[in-house]
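Next up is one chain by itself, shown in structure tokens, the form predicted alone.
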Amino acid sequence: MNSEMLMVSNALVAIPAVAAAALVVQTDYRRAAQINLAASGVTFLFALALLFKGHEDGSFLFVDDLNIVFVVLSTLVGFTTSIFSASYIQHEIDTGRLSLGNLRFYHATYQVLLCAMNLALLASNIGLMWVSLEVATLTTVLMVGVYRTRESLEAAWKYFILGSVGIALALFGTILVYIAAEPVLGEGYDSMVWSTLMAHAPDFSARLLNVAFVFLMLGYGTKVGLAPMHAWLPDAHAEGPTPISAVLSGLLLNVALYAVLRFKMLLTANAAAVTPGPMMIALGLASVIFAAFMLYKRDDIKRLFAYSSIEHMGIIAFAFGVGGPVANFAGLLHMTMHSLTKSAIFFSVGHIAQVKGTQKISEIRGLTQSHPALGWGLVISVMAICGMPPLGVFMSEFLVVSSTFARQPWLAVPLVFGLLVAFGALLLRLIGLAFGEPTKSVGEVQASTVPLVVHLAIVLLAGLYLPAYLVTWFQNVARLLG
């Protein structure tokens, strides 16, 4: 790996790691928030530098078109969430929900999480990727329980148990891949390096790869939030700090999906192995339809959008399962639009819950009158996540549906059915939340709307026009995915 690329790749891991160490001993809230924001911003700038440095394979880190997509998106949402987090956490301290001790813990673990996710995305070794995802899982478990209430600790414990089961299944699948590679590549490091594995994949035992992918799909699929392995996700969203909800939906689910896609590429390169698409399609459709109906029964606003995340991760998994240039392109675009839109929703929902003093949907009304910026921000965000034109999610969903009609028309029927059911549920909830007689507020917060506006602006621009270089980039990745 050339020196410039080595510096950039290392910086993406080192900056959040150093920031985490500095934040552990930082007791001043404002300074901690500034360090958190600055570190996240600088990490994002280094991620943008990847766009101009080309592709490189290294001993421990590597860069290609696929992980650049994930790294840039991850660091962008990490940066904007750190801006939102500053005003959100200030309110939590002022109201006594978070102590200064917990505050130190919160900011440090936020940077540890960004470090672990970047390392998982850039790791050239399947074992290192697994370890990084395990660190990210344990970090988010701790952050979900940061309030130390009975409900938050219960949610964190459930997340820990189910996440541990998932990561253990993923570990077993990783070991099976190593066992399949070892007769061809020999013992040691080479049997765990992505570039070497891909180059020799046609020579591996197809039976071992088939069994490995089942465990990997179920293991990492638990982290993606696909039904029926989703049970941890609604509780984690509802009970943890809202910035963590934004990071979970906008980032961590994607990192687990990245791992699935890497192993899908490995199976695709072996002609004798089973096609991984049907399993991804089945889990994706199950997630879309299940989550769509569950949306009707939610009275917690954060839990509502947690089920929306399950639905959309199902759409993404379905698109990559269908495969082909158009469906893979649509999956990448939908993943990007979902991350930006869902985090924007949590940016508005977090402050809404603070000003209303509740997360119960039945107790929140008339937001467009009482808090116009937050109310209309929520309206636009929900319209975006519902796939309304001209916003970017409409384009990605249209491509998913049209590519499905072109390749496997009968699969488009249950997909469209799930999308319509979910649309009805979210529209029903939105009308009550945004309009009508406003309910009482318990106070005001100094809410920064910059992250919300930036995300919605990008989603709107993507729906109106995709730059040629972005289209070419996503097309290259779509070809990589097969």
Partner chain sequence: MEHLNLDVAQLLAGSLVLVSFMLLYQDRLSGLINIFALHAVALTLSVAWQAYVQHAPHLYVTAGIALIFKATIIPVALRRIVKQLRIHRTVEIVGGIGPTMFLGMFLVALSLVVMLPATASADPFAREDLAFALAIVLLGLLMMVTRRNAVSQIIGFMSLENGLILAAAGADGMPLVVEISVALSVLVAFIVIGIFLFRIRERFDTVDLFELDRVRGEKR
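Since this is a predicted model, take the numbers as computed values, not measurements. Residue numbers count along the first chain shown, from 1.
There is another form of the same protein, the form predicted in complex with the partner chain; it is not shown, and what comes next is about it.
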Identify whether the partner chain in the predicted bound form is within 4.5 Å of every residue in the set R148, V165 and I175, based on non-hydrogen atoms. yes
Would P202 count as touching the partner chain in the predicted bound form under a 4.5 Å heavy atom rule? no
Do Y296 and the partner chain come within 4.5 Å of each other in the predicted bound form, heavy atoms counted? no
Decide whether S403 counts as a contact residue for the partner chain in the predicted bound form under a heavy atom distance cut-off of 4.5 Å. no
Is N125 close to the partner chain in the predicted bound form, meaning a heavy atom pair under 4.5 Å apart or at it? yes
One stretch from 115-123, 364-372, 86-94, 207-215 that, in the predicted bound form, holds residues within 4.5 Å of the partner chain by heavy atom: 207-215
Listed residue (V72, M388, I179, M265) with a non-hydrogen atom within 4.5 angstroms of the partner chain in the predicted bound form: I179
Just to be sure I understand the contacts: of F398, W376, W157, F290, which is the one whose heavy atoms reach within 4.5 angstroms of the partner chain in the predicted bound form? W157
Within 4.5 Å of the partner chain in the predicted bound form, which residues of 182-198 have a heavy atom? Give them in sequence order, or say none. E182, E187, G188, Y189, M192
